[in-house]
Structures are given as structure tokens and as C-alpha cells.
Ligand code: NDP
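This document opens with one chain alone, in C-alpha cells, the form predicted on its own.
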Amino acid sequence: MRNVIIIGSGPAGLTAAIYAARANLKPIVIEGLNTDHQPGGQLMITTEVENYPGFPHGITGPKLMEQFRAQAERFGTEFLTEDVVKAELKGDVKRVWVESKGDVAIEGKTAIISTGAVAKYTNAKGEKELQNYGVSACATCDGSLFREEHVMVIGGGDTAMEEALYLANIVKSVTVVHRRESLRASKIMQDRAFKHPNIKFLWNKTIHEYLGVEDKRLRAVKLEDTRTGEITEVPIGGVFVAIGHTPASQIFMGQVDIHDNGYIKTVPGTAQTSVQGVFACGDVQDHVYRQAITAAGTGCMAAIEAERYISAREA
């Protein structure tokens, strides 16, 4: 019987592991295996991280997560490089199954869900090859790298408008590209974007292809008109894809309460889910901030709450 089972190994899961291990709870981290939920989370495909406190000269995403992991290991965290294939979280004993152990469940007194979220991309030709080479899904993370560039934001919802407004004060210009002729964003966000002098709009357009793969640097995009099918080439220094994220919560459907958008519900101001002894932290429960630093903060919360839950039950 484990004290704490941590599912996921991004900033949230590894911070939870550090705190739980230092509390002598001997946590096990099921760190993920496949490309969508790989060990280390989304930072493993991030080149430069310049906004994580303590690294004034920046640090690569993989290096940062390597240091998180080493710190968790130092205090005795056990790691299992597997994906969870099934979970039963209701009741006093939390059970999770991984592929290699077949029908044998890993059992714990508490479980911390930190499986993160995956940004949605357009899947246009050249996009995958140019991620982190001019194509990004996070303006807050990467916007400062494009100060001297003209950039595009792809999308028409609130997130796209937030990204555009953030970038408009940093870069030379922002062009919002939307596949329809009206936005889905709330009126207040639309009004802000329309009024900003550094934001313009291209309607009824989708990304057809990203150009620059051979040089590993985005130089232009081909846009397709959704009405006529006409293809046009537009030089651009950066593209920010803002069409949403998919939280990795599917395996917990029916186990804990989940919002309509797929994010796990937590009690406001805590990491507690709808099930006693089950906590959620990081991007799997956060559709607002989605930053490494906020994920780490909620990982700390989850571990402290798990320790208090165990102590209260054993008192």
C-alpha cells in the first residue's frame, strides 16, 4: 500500500513528489511513456524557458524538468515509466493499473492527478517540424522571443484574443487569422482586440502550410481561403496557435467530477477533487493560466493536502 500515487511528471507532478517525499510519504510517480504524455510534460518540447524564477539567463525545458526530477529522486521518490491504463479512485483505497503489470493494481491511500494538457494544433504541413522554431502555442511563454517580428495568431475564441492582446504590446504587429468571418470570443475581448492599433484580422482563412522547414526557421505561411480555396503566401516571423487545449483527463471520466471542457474540477483554493483523498494539480485542472510556475504551485498544494489527509485518517 502506497501513501501517495502521483500520475504524471510535469512541473505539477514532480513538485508534488518533492513535497511528498520530503514529508517521508515515499511517493511513486507514474511518469508517462507515450509522446502525448511523455515524462516531463509539455516542457520537454519547449526550447527556452525564460520566465521560470531562479534562472535569470533562461534554461531549456528538458533541462529544467531534469532538475525537477533529480530533486524528487534525491528525497526518495520512486519512478515508474508507464502510462496508466485504468483507475479506480473511489473508496479508501485508490487503485491504478499500468500495462506492464497486467491485472495487478498499484494501490495507494491517496492519488494525485497531474497528467497535464496538450495544446491543439492545426496539423498543417510543416507545423510539427517548426514547433519551437517559429510556431508556438503559448504567447506568455514565447512572446518575448519575437519582439522584432510580425506574428500571426490562429483562432477566434477568448484565448486567441488574449494571446493577440498580449503579443500586440511586444511584437511589431499581430495578425489574427480566423476560419470564419466572425469571432467566437466574448464581446469584451473582441472589442479590446478590434480597438488595438497593432492588431489586424484576416477572415475566412486557414493555415495550409508552414514554410521554412528546410532551414528550421519559420519564414512564411500559406493560407487557404475557406470560401474560394485560393492559396496565398504570407511572410511571417512567428505563428501562435490558439485553438485550445485537450486536458489528459479521459481516463478519470466517471471517477472524479470533470467540467464540460474536460478539465478536472477542484474545490476553489485547493487541489481537492470530488473524491476524498484524490487531488488534481497542474494543467489537467487549470484552463486559465497553464504555466509551469502555477502548475508547480498547485503540485505543492496537492502534496500538502495529501499529507494532511493521511495524517487525519491515521490520527
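Residue numbers here begin at 1 and follow the sequence given. Please read these numbers as outputs of a predicted model, since none were measured by experiment. Here, rigid core means the biggest group of C-alpha atoms that superpose within 1.5 Å across both forms.
Absent from the display: the form predicted in complex with the ligand. The rest refers to it.
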Which residue among K101, H208, K172, R179 has a heavy atom within 4.5 angstroms of the ligand in the model of the complex?
R179
Within 4.5 Å of the ligand in the model of the complex, heavy atoms considered, which of G126, G143, G156, G237?
G156
Is Q276 one of the residues lying within 4.5 Å of the ligand in the model of the complex, judged by heavy atom distances?
no
So in the model of the complex, does any heavy atom of N51 sit within 4.5 Å of the ligand?
yes
Heavy atoms within 4.5 Å of the ligand in the model of the complex: does R184 have any?
yes
Can you work out whether R69 and the ligand are in contact in the model of the complex, taking contact to mean some heavy atom pair no more than 4.5 Å apart?
no
Can you tell me which of 157 to 165, 129 to 137, 69 to 77, 91 to 99 lies within 4.5 Å of the ligand in the model of the complex, counting heavy atoms only?
157 to 165
Listed by sequence position, which residues of 228 to 248 have a non-hydrogen atom within 4.5 angstroms of the ligand in the model of the complex?
A242, I243, G244, H245
Verify the C-alpha shift of R74 between the shown form and the other one: is it 2 Å or more after superposing the core?
no
Post core alignment: V104 C-alpha displaced by 2 Å or more between the shown form and the other one:
no
Compare the CA separation of Y210 and A292 in the model of the complex with the one in the displayed structure, and answer closer or farther (the difference is at least 3 Å).
farther
Pairwise C-alpha change, V288 versus V153, in the model of the complex against this form - closer or farther, 3 angstroms or more:
farther
